[in-house]
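Next comes just one chain, in structure tokens: the form predicted alone.
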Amino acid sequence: MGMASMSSGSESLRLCVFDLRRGQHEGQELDKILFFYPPDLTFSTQLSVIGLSEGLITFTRLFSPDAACEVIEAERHSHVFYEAEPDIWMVMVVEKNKEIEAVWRIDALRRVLKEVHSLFVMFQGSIRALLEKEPTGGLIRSHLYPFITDYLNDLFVGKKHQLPSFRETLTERGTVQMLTLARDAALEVQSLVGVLDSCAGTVRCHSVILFHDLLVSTTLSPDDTVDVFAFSVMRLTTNALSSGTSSWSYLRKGSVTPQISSRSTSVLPLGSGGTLPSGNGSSTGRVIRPLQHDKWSKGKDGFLVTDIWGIDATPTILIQKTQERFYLLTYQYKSLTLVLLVPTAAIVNGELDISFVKQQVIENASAKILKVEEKLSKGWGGENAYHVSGYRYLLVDNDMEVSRASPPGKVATLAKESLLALNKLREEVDTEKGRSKQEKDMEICIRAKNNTWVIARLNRGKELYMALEKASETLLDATDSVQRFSNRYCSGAFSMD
């Protein structure tokens, strides 16, 4: 397994969301708790964890008022901090374990917090906005508890949750993985995108196209693309629907059985009960749970259907760049998944107009969808399409929020010592990046105990991480191998000339 396994019944993981602006007066301390896992811990225990976190945040601000606290390493626990919104903090407390598998990188854990917050905002809007809408905190708690609970269920295998460990060091959460297109396929995709964007007449739509779990095309901003891509791979693609589980982590196989849904909302702070207005534009009081498992299926017309938003109701999401809400329509043909986003403000007749948009897709785009899927399938190299013999690598473009890596099966052939060395290397890079507010070009080379060379190169917002287990003895030979990789597969982006 590639993730650190932990028992859900111990102190191995605690995750909380709290608001520093709330609960500052005696007797009102519970008001600051917006979410806590495990939810069945006593309020005094929850307040103890949050009080310690709040104290650490306040203390570290004395020394670095302009830099938010990111991690505090204690003797038995690591405290991982993420300020999701101004004064809204998410904190993950993980128990240090002597087991070799329980070795993680702090930035990878922070990316878990970032991802769950970004997905929440995409569906429900910002936490602060929901607090302002209903100041007692009941509304936000009624949405956060089931949402994060459903997200955490993806981290469960059996009765244990699994955090990203050193075995996932050649992956990058919060990025998209793209499919490389031949010129003729790219032209067909471009033509299809033009048709999709005009399916609502004069109203401008957006589209995101995936083939298997790889991004083919997007008309969204990089940030919004990451969110829609993450959700699509978790719940919408053919892989996600067929396996009954999220497929964003290649390390999880088989079906997922929810472990904490039955008790996730049974213990909530005061003010969280009762019927409340929803945070997704609906006034029905229904709490939307977009990350529920086994709630999507393919309809006879090729569009995916779900009752999560209500019977015959169309899902909606919030786009960060414009702060507009869009209807989310998903069409699937074989391994091709098309996500079409239609502005809710442009729909005047409710579901009647949505039906019209769907009909336009079927009538005007079906032939092009068929052609695109055929071309992509013909040029598809399978799971090992991006394997480079002799290399185990991760490429990250931070500006475009795109990554590419060696196939999981190939990464799994690396020795444990090599992966641990890579994990340590990435920690050093994270530390160096944290010290400078500006992009910093660098190269770091480490010789592992098993004589593997692990190398990192950063250049103009792009990052390359590599393990060379069969490299020659000298550092010069190893760097020459990296240079050849850069020239052939990265257009010389990591050349050190």
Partner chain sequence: MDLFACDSMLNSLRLVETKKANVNWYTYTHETRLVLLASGLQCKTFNGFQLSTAGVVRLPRFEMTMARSESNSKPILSAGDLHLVTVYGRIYCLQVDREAMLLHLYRFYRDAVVQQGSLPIYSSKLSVNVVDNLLLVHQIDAKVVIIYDLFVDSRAPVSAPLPLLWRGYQGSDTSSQAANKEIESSESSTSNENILMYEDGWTFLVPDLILDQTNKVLWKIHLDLEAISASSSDRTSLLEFLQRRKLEANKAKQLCLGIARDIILERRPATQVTQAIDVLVTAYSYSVKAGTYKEIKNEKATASTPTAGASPDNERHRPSGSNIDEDVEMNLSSGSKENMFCANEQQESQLSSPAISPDELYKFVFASVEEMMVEESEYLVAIITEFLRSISAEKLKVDLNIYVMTIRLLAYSKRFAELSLFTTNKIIEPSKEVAFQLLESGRQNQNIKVRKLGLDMLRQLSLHHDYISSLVQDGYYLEALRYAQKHKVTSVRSSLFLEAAFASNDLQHLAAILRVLSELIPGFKETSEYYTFYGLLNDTSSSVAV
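Small disclaimer: the values here were computed from a predicted structure and weren't measured. Residue numbers count along the first chain shown, from 1.
Form predicted together with the partner chain: not shown, discussed below.
Contact with the partner chain in the predicted complex holds for none of E29, T60 and D87, as no heavy atom of theirs lies within 4.5 Å. In the predicted complex, the partner chain sits beyond 4.5 Å of every heavy atom of Q162. In the predicted complex, no heavy atom of T479 sits within 4.5 Å of the partner chain. A residue is said to contact a partner when one of its heavy atoms sits within 4.5 Å of a partner heavy atom; S366 fails this definition for the partner chain in the predicted complex, lying far away. At a distance threshold of 4.5 angstroms between non-hydrogen atoms, G461 is in contact with the partner chain in the predicted complex. D184 is the sole member of E132, D307, D184, E73 with a non-hydrogen atom within 4.5 Å of the partner chain in the predicted complex.
Scanning S126, T219, N239, T136 against the partner chain in the predicted complex with a 4.5 Å heavy atom cut-off leaves one residue, T219. Just one listed stretch, out of 433-441, 34-42, 62-70, 47-55, contacts the partner chain in the predicted complex at the 4.5 Å heavy atom level, and that stretch is 433-441. Interface residues of 377-401, taken as those with a heavy atom within 4.5 Å of the partner chain in the predicted complex (partner not displayed): D399, M400, in sequence order.
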